[in-house]
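First come two forms of one protein chain, each written alone as structure tokens, so that there is a structure 1 and a structure 2.
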Structure 1
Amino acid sequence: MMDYVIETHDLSKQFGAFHAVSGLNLRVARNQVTGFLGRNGAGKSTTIKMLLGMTQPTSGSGLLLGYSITDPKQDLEARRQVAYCGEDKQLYAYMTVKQLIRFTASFYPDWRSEVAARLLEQFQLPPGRKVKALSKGMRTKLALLLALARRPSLLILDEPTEGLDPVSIEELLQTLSGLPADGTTVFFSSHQISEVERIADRVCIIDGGRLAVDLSLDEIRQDHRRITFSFSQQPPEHLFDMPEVRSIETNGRQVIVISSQGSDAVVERAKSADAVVVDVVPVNLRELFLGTVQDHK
């Protein structure tokens, strides 16, 4: 059986009349890198905050490393094994980099000093500089150093590459991709689809507070196709009402379909309406994401 570090069951959060997360059923497997995608306001940050006990669900439940996120004692135990790096990167601004590393290390018996020293050099962080004098990118690097040196079972990241230059982004992505081999599962939200596609084993897309896609990158490459059809006249309105069809884009008598589970059934349906197949190509993550959030069926 698959071992999951995150499981939610009908997890929901309302702010007044606004449903930020609605009946979310999410599962994240251990020892993988899982990308968490969605447009602004889709519910990504709210989901992460519920997982970490930073906000309480309106309804539903969840497990983090097997511990209930709605039980205060269990939630505290889970967070001992979880490292989190959010968008704001709130740190003790009055400390120097070296002081903050030493201070953080005192809380963790299994702190890995060699990892902290390696990342300090790799990220080119100035040990004697105060945190408040660091750039946003350097604060991101410092937060990641503090997280990774703890030896967490689960690392949760919210927009981890924001504020980083291209070289630093490359270093970060290489670091994240190697963590599962060292026993750390990575779950990260991002707007940078190309970065997710590079390092993720699996991707979950949330749309309107609900899980719309939960697929491995291999499943996306193997099973999904973008098919372009040309019709001699306007095709019937409901021609592509099929479970295999994820999205449809119509431009006059040309129709572009994103299909799952291969393309054979969709092609046969189109040919029954005298369509000509113009092109059949594999789908990349960006196309799947845009087809999901723009025209989710």
Structure 2
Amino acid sequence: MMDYVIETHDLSKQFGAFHAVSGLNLRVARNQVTGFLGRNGAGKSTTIKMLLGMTQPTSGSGLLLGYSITDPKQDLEARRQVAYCGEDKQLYAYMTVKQLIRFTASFYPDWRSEVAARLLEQFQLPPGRKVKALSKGMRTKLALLLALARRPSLLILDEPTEGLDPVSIEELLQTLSGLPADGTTVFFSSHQISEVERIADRVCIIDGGRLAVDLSLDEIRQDHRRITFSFSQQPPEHLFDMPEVRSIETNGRQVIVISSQGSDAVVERAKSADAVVVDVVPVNLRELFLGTVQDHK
């Protein structure tokens, strides 16, 4: 049976009339890297804030490492085992690197000083320098050091590569991809599809506050196809009303369909309407993402 570190049930958050998250049913499996994709404002950050108890859900429930996110005491227990790197990567500007490490270590009894020392050296962080004097890349590394030295069961990152230079991004992605081997599940939000595709085992796409896709990268590669049809006349309006069709893009008499279960059934349906199959190719994450969030269906 699959073990989940994050489970939400109809989780919703409303700000006035705006529905930031609507009935989200999300499950994140243990010891994997899961990418949480969505457009700006899709509800990624709000979801993460609800998971960490920073924002209270309007309705629904959720479990973080088996602890209820709506119960402050249980949520506090969960936070002992969860590390979080926020979107803005701001840390206490008035502390030095050494002070911040000492401060954070005091909250975690199983803090690993040797890991902190190793990462301090590896990331070339100056212990005596004030946090406000660090670059964004260095602050991200420091946040990662603070997260990893406590050996968290779950590491949650909100847009971790935002604002980083290519070298820092590369170092960060390499670090993250190796964490499940050490027993740390990684859940990170991003709108950088290429980064998710590089390191994620699984991808969840949120759109309009709802979960639109929850698939492993292997499932996307094996099962999803982009099929291009050419019709001699305007195709029937509801020709591709099929459960396996994820999105449809029509350009005159040419139709591009993204299918989630191979191409056979869709091709059969198209041929019944005198379509010519122009192309059938595997779908990459970018195409799946765009097909999902642009709502072409």
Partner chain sequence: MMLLYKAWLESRARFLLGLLALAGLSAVFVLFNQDVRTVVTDHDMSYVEYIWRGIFKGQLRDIYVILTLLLGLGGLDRERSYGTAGHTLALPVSRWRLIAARGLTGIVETAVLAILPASLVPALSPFVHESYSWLLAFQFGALWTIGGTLIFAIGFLASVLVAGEYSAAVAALVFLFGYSITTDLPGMEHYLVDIHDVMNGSGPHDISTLAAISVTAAAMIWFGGLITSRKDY
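So that the term is clear: the rigid core is the largest set of C-alpha atoms that superpose within 1.5 Å between two forms. Quantities reported herein were computed from a predicted structural model and do not represent experimental measurements. All residue numbers here refer to structure 1's sequence, counted from 1.
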property: Chain form predicted on its own, by structure number; result: 1
property: After fitting the core, residue 71 CA displacement of 2 Å or more between structure 1 and structure 2; result: no
property: Core fit, then residue 118 C-alpha moves 2 Å or more between structure 1 and structure 2; result: yes
property: Threshold 2 Å Cα movement between structure 1 and structure 2 at residue 128, rigid core reference; result: yes
